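Before any questions on how it binds or moves, here is one chain, the form predicted on its own, in structure tokens.
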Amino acid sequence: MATLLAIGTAKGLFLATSTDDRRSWEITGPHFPMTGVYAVAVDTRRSTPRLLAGMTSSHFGPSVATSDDLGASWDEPDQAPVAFPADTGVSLGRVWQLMPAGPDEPDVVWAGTEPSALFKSTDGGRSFELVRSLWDHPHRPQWEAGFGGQAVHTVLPHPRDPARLLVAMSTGGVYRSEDAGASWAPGNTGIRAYFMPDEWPEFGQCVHKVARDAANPERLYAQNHHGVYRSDDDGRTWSSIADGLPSDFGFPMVAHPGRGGMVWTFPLVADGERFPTDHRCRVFRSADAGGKWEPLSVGLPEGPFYPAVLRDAMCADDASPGGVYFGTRSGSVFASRDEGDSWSSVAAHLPDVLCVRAAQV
């Protein structure tokens, strides 16, 4: 079995494949050259994996393409697969997230967009419809744009209950549905918004990324705009797990797909100083759901290191032992085949890395 690593960049999609247990990589691309690829998914629910890429062209605008032959060819519809209805009065900025649903819904794919909205596909990602209930939520007029735009960047289906779904946006925070998206409630209790007059609001937080625990689907991990949190009740309430980290600011939050309690993040100094802490290239890992954190840097660049890692530019694969990957804004991509204990280079000198996704194919 091979490992596929999809690397979305500011100037196209690159595909890295390893057939020797992630020791070496063959890279193809760029696919969709000169487009910003902000979202990638590898849908392994079908016998032949499907790749989905959300790209944005400065000339043609945003779109979603699919491939059923691991990137050898791509299908991009003539009509935009993700588009706001005319009565909304807005147009699509870009697709920020593509997320296949659980095994009970093999043709459902979710898309989070800018402006902040959720779309649903029932044909494997070839076409999407706006989820009106979230778009019409009374809070929506008060959702603001974060530094990177106003977007739904996290979509987390519940693996055991198709009716339960969680989204996160910047800004706006976490919202939960327990009726298959028919209604939504904020889930931000315990998450601080230091930049607001009321630092503990019902909604309005700038949540950067949320990940779900592999063993306990009620457990979630969140990287906030200053704050690292865990929820043990499916996002209803949150508590800090930032102790032990050199900073509580950053963007990615990745949970091990097969091992409960293990998460990785990449801390930055602060919102006003977006460099790695101590100017060192280090991933931080917790093996006990955020109780303790340890720095991981074996094989990573030594000396001063300044590039940041964006919210979707870190991921983990479903192999054993688990692989971890991240890409930087300077175009470097690194991989670990032992859950972060050691690292090696996958690629260098790529364009700005926006997202990465990995799977066994």
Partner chain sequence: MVTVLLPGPLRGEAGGASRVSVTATGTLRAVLDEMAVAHPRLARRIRDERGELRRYVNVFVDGEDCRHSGGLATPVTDGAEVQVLPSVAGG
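Residue numbers count along the first chain shown, from 1. Just so it is clear, the model here is predicted, and its values are computed rather than measured.
Another form exists, predicted together with the partner chain; not displayed. Remarks below refer to it.
Taken together, the three residues Pro62, Glu76 and Ser91 all come within 4.5 Å of the partner chain in the predicted bound form, as judged by their closest heavy atom. Segments offered: 135 to 143, 81 to 89, 183 to 191, 253 to 261. Contacting the partner chain in the predicted bound form at heavy atom distances within 4.5 Å is 81 to 89.
In the predicted bound form, Ser58 approaches the partner chain with a heavy atom inside 4.5 Å. The closest heavy atom approach of Lys11 to the partner chain in the predicted bound form falls within 4.5 Å. Residues from 326 to 347 do not approach the partner chain in the predicted bound form: none has a non-hydrogen atom within 4.5 Å of it.
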